[in-house]
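Next up: just one chain, as structure tokens, the form predicted alone.
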């Protein structure tokens, strides 16, 4: 591949990807961000190539957001490390304690989320996922374990466009005081699923592609659903939110849908924002516009199909108005 050429990650032969990642590195575009990635393991390189096969990549130096290295730990003066394993480094500085080699890909995705939450303030960022259909987006927000990633996976594998999982980015590039609802910046990356949700999505969507499973993490078993090619191809298309859903998964629960007043919805989004107070007036105005133009709901579910059907119905009538 000639220097300067941008291709799909999946177009690289694995031996070439391994060689480049161990040397100068690859500049991986995930949609909203570019990561200068280096790693010294064929297994780690293979996992990245598989999960990000449809993302664009370059081997030529490019402007990037995060210089990320996932490499084996080493001790001082070349001696063996006291805690052998691999470690994530940003611009050469270690971020976390070493972790086992088998968890390297999961750590790569988690580290990238950490970097976005920690360093990116040009967007208003929420702990949430988002999907789009017919030009209107649904934001799924709530704490870890609420079932939002499961619904993101079910919807995106069922024809909706994945915008993002884990972190939703609201554009703040408009000048303060300019009317109009800010749009979501797409960042379609692998969706993290936990425990029983992995098998439920695999059974419901046989065409879905998964990473390896990572057992015995602090959250149990984790696996990543690869984003669909169309979502990656359309990563440059922003879209306005029309619906915010706060899901709660409870095994065996009957479906329950409750509309939330806009003021309560505003505060719910503040609680789930990563950098609301950092963004100042632009963040306030963006969230006020989102609240004014969107509907908010709580959704309790025990069955994925029922939840998907309910979100589809809510989405069909969304686009403004709602509880005051």
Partner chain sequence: MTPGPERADHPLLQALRDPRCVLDLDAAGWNDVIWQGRRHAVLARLAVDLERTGLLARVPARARGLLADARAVAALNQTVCRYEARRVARALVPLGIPVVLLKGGAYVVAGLPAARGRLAGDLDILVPPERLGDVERAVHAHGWEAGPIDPYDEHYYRDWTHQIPPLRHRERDTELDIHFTIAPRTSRAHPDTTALFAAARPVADTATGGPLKILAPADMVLHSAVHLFNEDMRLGLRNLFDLHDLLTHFGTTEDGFWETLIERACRHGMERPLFYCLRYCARFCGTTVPAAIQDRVAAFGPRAPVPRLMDALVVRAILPGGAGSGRRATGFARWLLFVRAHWLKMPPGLLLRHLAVKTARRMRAVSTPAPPP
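Numbering follows the first chain given and starts at 1. On a predicted model such as this, the values are computed, not experimentally measured, just so you know.
Beyond the structure shown, there is the form predicted together with its partner chain, which is absent from this document and is the topic of what follows.
S.K.: Does its partner chain come within 4.5 Å of any heavy atom of residue 199 in the predicted bound form?
M.R.: No, residue 199 is distant from the partner.
S.K.: Can you check whether residue 90 is within 4.5 Å of its partner chain in the predicted bound form, heavy atom basis?
M.R.: Judged by the heavy-atom cut-off of 4.5 Å, residue 90 is in contact with its partner chain in the predicted bound form.
S.K.: Would you check, heavy atoms only and a 4.5 Å threshold, whether residue 299 touches its partner chain in the predicted bound form?
M.R.: Answer no; every heavy atom of residue 299 is more than 4.5 Å from its partner chain in the predicted bound form.
S.K.: With the partner left out here, check for me: in the predicted bound form, does some heavy atom of residue 32 sit within 4.5 Å of its partner chain?
M.R.: Answer yes; at least one heavy atom of residue 32 falls within 4.5 Å of its partner chain in the predicted bound form.
S.K.: With its partner chain left out of view, which of 121, 72, 204, 194 would have a heavy atom within 4.5 Å of it in the predicted bound form?
M.R.: Contact with its partner chain in the predicted bound form is made by 121 alone.
S.K.: With its partner chain left out of view, which of 292, 65, 40, 259 would have a heavy atom within 4.5 Å of it in the predicted bound form?
M.R.: Partner contact (heavy atom, 4.5 Å) among the options: 65.
S.K.: Using a 4.5 Å heavy atom cut-off, which stretch among 154 to 162, 90 to 98, 131 to 139, 185 to 193 contacts its partner chain in the predicted bound form?
M.R.: Result of the contact check: 90 to 98.
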